[in-house]
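Let's start with one chain on its own, the form predicted on its own, as structure tokens.
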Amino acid sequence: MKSTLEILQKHFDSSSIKTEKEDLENYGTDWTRYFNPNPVAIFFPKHIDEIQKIVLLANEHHFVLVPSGGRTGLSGAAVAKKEEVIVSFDKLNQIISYNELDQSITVEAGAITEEIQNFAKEKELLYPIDFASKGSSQIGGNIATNAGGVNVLKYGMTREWVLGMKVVTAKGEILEFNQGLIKNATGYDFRHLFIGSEGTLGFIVEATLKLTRAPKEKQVILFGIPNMEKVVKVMNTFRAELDLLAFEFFSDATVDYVMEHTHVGLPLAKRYPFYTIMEFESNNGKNTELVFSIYQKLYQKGWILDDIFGGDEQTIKHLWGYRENISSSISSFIPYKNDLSVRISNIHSFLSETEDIVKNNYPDFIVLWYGHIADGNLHLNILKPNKLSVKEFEEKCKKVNLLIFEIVKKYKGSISAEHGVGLLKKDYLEYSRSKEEIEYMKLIKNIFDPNNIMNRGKVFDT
């Protein structure tokens, strides 16, 4: 550790390096809270050439680098626990340029997601990737984990919005991918290797992002629903008739935590087993009329038990708060998070089988369900009881993981829909990827990073 620190101090200004214990602990971890950070130092580059320089030094002196963005990840991909050097993008956070004709924006990797959204809004456009951590997450981390969020139903994942990027590979080369083009049929598109690579191939340092038209006259309805079967049926009924912006669900058990955390009341007059939030464009009232026509039929069938409508910005924000504030409201309880996905056609069967396992194996635990059900993504959160240590709790959850992931494999689903693999899920990668796929991933890693200096031990062991 001393040797690595001496190398950093020799080649970089002292203002770019932090080694205080509090800083090491803060920058050395993410939101998983299951790993003890133990980095050597945090390096804050101000220019791309400094990133290139530290990569070349890491290859020469054989120390490991861990990229650090907003550290809002939930898989341990940004954790530094084995004397690595953290490379923080906090100071590489500028919006570089905006192209009105292309409707695109070029930003440094440390740019905050919400700031990009606000810039687009000023131009009467939209950067649609949206999630609860947008106020602190950075675009480089979003790209490195192919972030999703609440708008995936309409707009897809981060991958869909990256027109180009600049990277510093693990060999220290600076490469530019795709040059912001919409069409480019010239062989392999290396953008898509780096998107979702979790910092294992190199550093994403700049990105050119596509913007789009912002939806007009957004409207939201929150429904109370009797069971998960009806949640799926309600979703499918509306989707068959309407181009939805979002459709999310959460269980009643989550509501208490949100009310406690944000000081709001019940979303509806009474409590219901499940709730959904549906967002759509009014289309001059035509879609609103259609929604209420469908709603009347579903209410008469007993699929919907109650509702509340939001047409103004303040009410829409209030209703979305019941969904978007779940993660922050339970964070102090050290939840064990499963981020699962299956095809939409398999959701009901998958949920039924998974719920049976959860009930049989977690009878004394508080279990919370919520997620992006319209794109097949379900978040299963188990809260740690006070009587258990973090280690004991983690071990219990890991045992049941094997049962849950067998069902994921049965339905050809994913053990990590949008949170990534990192440290937390790498032991279970084979439930979603074949041995051959994993071997090819390792070969690609070796081509870009032959000395294994980039985020070593994440996604898989090498």
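Rigid core: the largest C-alpha set superposing within 1.5 Å between the two forms. The first residue of the shown sequence is 1; numbering continues from there. These numbers come from a predicted model, not from an experiment.
The protein also exists as the form predicted together with a further copy of the same chain; that form is not presented, and the subsequent description refers to it.
The stretch in contact with a further copy of the same chain in the predicted bound form, judged by heavy atoms within 4.5 Å, is 283-291, chosen from 380-388, 219-227, 283-291, 134-142. Not displayed here, a further copy of the same chain is approached by R433 to within 4.5 Å at the level of heavy atoms in the predicted bound form. Contact check for K81: every heavy atom lies farther than 4.5 Å from a further copy of the same chain in the predicted bound form.
In the predicted bound form, at least one heavy atom of F190 sits within 4.5 Å of a heavy atom of a further copy of the same chain.
None of the heavy atoms of T315 is located within 4.5 Å of a further copy of the same chain in the predicted bound form. For the options P335, P267, G149, P128, the residue carrying a heavy atom within 4.5 angstroms of a further copy of the same chain in the predicted bound form is G149.
Shown without its partner, this chain lists L56, L429, I48, V400 as candidates; in the predicted bound form, only L429 has a non-hydrogen atom within 4.5 angstroms of a further copy of the same chain. Residues of 184-207 placing a heavy atom within 4.5 Å of a further copy of the same chain in the predicted bound form, in sequence order: N184, A185, T186, G187, Y188, D189, F190, H192, L193, G196, S197, E198, T200, L201. Relative to the superposed rigid core, V231 undergoes a CA displacement of at least 2 Å between the shown form and the other one. If you fit the rigid core between the shown form and the other one, you'll see the Cα of I344 move by less than 2 angstroms. After superposition on the rigid core, the Cα atom of W303 is displaced by 2 Å or more between the shown form and the other one.
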